[in-house]
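Have a look below at one chain only, the form predicted on its own, in structure tokens format.
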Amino acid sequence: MICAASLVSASDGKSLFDTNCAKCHGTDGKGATKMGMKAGAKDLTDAKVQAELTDAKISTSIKEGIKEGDKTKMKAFPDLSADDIQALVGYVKSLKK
């Protein structure tokens, strides 16, 4: 039963990613979209990038966005539930190649 719940979360994570993140990060997570390249989106499939991404860092980035000085690098998604954020964190971690 736990495995089935994990599969649902992974599926939800992909759906949430496709809806909220793919515009910049691409459906493959590489960040090679027009908006992603302009914003400097990280390649979420890169092992070095993934090594820097703790669950807490991903979660905070989703909830609060990412700013560099006064420039917004990634918008916040404050309307996502804690479960949605957890599903996204799991999905982002699964993109590691």
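Quick note: we count residues from 1 along the sequence shown, nothing fancier. For clarity, every value in this text was computed on a predicted model and none was experimentally measured.
Quick note: we don't show the form predicted together with ligand HEC, though the next part is all about it.
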Q: Look up in the predicted complex whether T45 has a non-hydrogen atom within 4.5 angstroms of ligand HEC, and give yes or no.
A: no
(Q) Would you classify M35 as touching ligand HEC in the predicted complex, given a 4.5 Å non-hydrogen atom cut-off? (A) yes
Q. Does K73 make contact with ligand HEC in the predicted complex, using a 4.5 Å heavy atom cut-off?
A. yes
(Q) Residue-level question: is N20 within 4.5 Å of ligand HEC in the predicted complex, judged on heavy atoms? (A) yes
Q. For the stretch 36 to 66, which residues lie within 4.5 Å of ligand HEC in the predicted complex by non-hydrogen atom distance?
A. A39, G40, A41, K42, L44, L53, K57, I58, S61, I62, I66
